[in-house]
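Shown below, as structure tokens, is a lone chain in the form predicted alone; questions about how it binds or moves come after it.
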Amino acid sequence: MRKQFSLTVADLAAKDDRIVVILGDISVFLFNDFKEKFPNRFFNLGICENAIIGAAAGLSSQGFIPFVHTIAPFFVDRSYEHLKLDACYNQFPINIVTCGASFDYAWDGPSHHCYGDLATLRLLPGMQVFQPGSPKEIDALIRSQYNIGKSNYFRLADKPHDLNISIESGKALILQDKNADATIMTAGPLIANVLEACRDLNVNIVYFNTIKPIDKAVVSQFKHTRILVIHDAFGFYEAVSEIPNLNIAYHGLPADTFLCSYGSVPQIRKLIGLDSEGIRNTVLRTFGDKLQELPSIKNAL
């Protein structure tokens, strides 16, 4: 996804000379081509995240369109006040693109984890929040949103899904509508595990890559069902649950707990029940007798 991000921004910059890129010493080599083509619009300021946001807001105030990039907690946690005041309060829009959110950097421990980025940034007035699940999605979202006069947060993932999903910014996608009493809602790369877990279950499945603005119309379409939000961060469940009169539950991160176990993304997902088996067990346990299993393809052959 990071490679696609660099390719998309370089392509846009060839047509829009207002685009500038500011890096926090992350993904620098992916932007070598950009640096060679547009040396006056490329800046690697190093590990100076607060200064990066301030510089981006200043450039935005002069009509430029900044893209800033580093690891998620270093912008979201360390520079939250700068995002709030320099960008959003002053209405100087910037495009924030991060990697390493949730536990993508599981081997580096809690200092490099970021579970709350979607939750905190969606609270900022004028900030749009996106969690694309694939390179195709980040390309489409950046192209449609980078120049609409609002600050954007694009959360990249190191483990994207490989599904061919056509998306539209701000619109949820109904991947499965069985007119069932049970509905699964999820966002970002985790959709691959959800689909595998529910492949033969009588459930509706709704996929999101836009956390703010949340697609209220699609959520409301399933408000007569029981909804289970399955997600690997905080913020998506909260966005969905703000819609009134929902019967809703959450499966994902353990509450009020640091994930201190080291390992890979699949290992951490398994540990907290976000692998396909863990998700399936939770779905069956949550919906109980409301969930009717359909004959699986494997058994039918």
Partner chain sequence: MTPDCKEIRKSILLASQKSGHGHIPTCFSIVEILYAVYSTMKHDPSNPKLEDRDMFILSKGHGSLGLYCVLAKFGYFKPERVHAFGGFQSDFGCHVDRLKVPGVEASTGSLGHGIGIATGIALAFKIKNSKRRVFAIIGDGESNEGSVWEAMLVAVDRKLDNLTVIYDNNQSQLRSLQIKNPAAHFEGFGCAVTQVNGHDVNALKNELLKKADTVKIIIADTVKGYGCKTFIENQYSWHRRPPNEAEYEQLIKELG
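Everything quoted here is computed from the prediction, not taken from an experiment. Residue numbers count along the first chain shown, from 1.
What follows is about the form predicted in complex with the partner chain, which we do not show.
task = Determine which one of 65-73, 242-250, 266-274, 49-57 lies within 4.5 Å of the partner chain in the predicted bound form, judging by heavy atom distances; exactly one does.
result = It is the stretch 49-57.
inquiry  = Can you confirm whether Val20, Asn44 and Leu85, the three residues that make up this candidate site, all sit within 4.5 Å of the partner chain in the predicted bound form, judged by heavy atoms?
reply    = Every residue of the spot touches the partner chain in the predicted bound form.
key: Heavy atom of Asn40 within 4.5 Å of the partner chain in the predicted bound form   = Taking the distances in the predicted bound form, the answer for Asn40 is yes, it comes within 4.5 Å of the partner chain.
ask   = Can Asp162 be called a contact residue for the partner chain in the predicted bound form at 4.5 Å between heavy atoms?
value = No, no contact at 4.5 Å.
inquiry  = in the predicted bound form, does Ser144 come within 4.5 Å of the partner chain, counting heavy atoms only?
reply    = Judged by the heavy-atom cut-off of 4.5 Å, Ser144 is well away from the partner chain in the predicted bound form.
query = Looking in the predicted bound form, any heavy atom of Gln176 within 4.5 Å of the partner chain?
reply = So Gln176 does not count as contacting the partner chain.
inquiry  = Within 4.5 Å, heavy atoms only, which of Gln91, Ser169, Ser220, Asn202 is in contact with the partner chain in the predicted bound form?
reply    = Going through each option in turn, the one that passes is Gln91.
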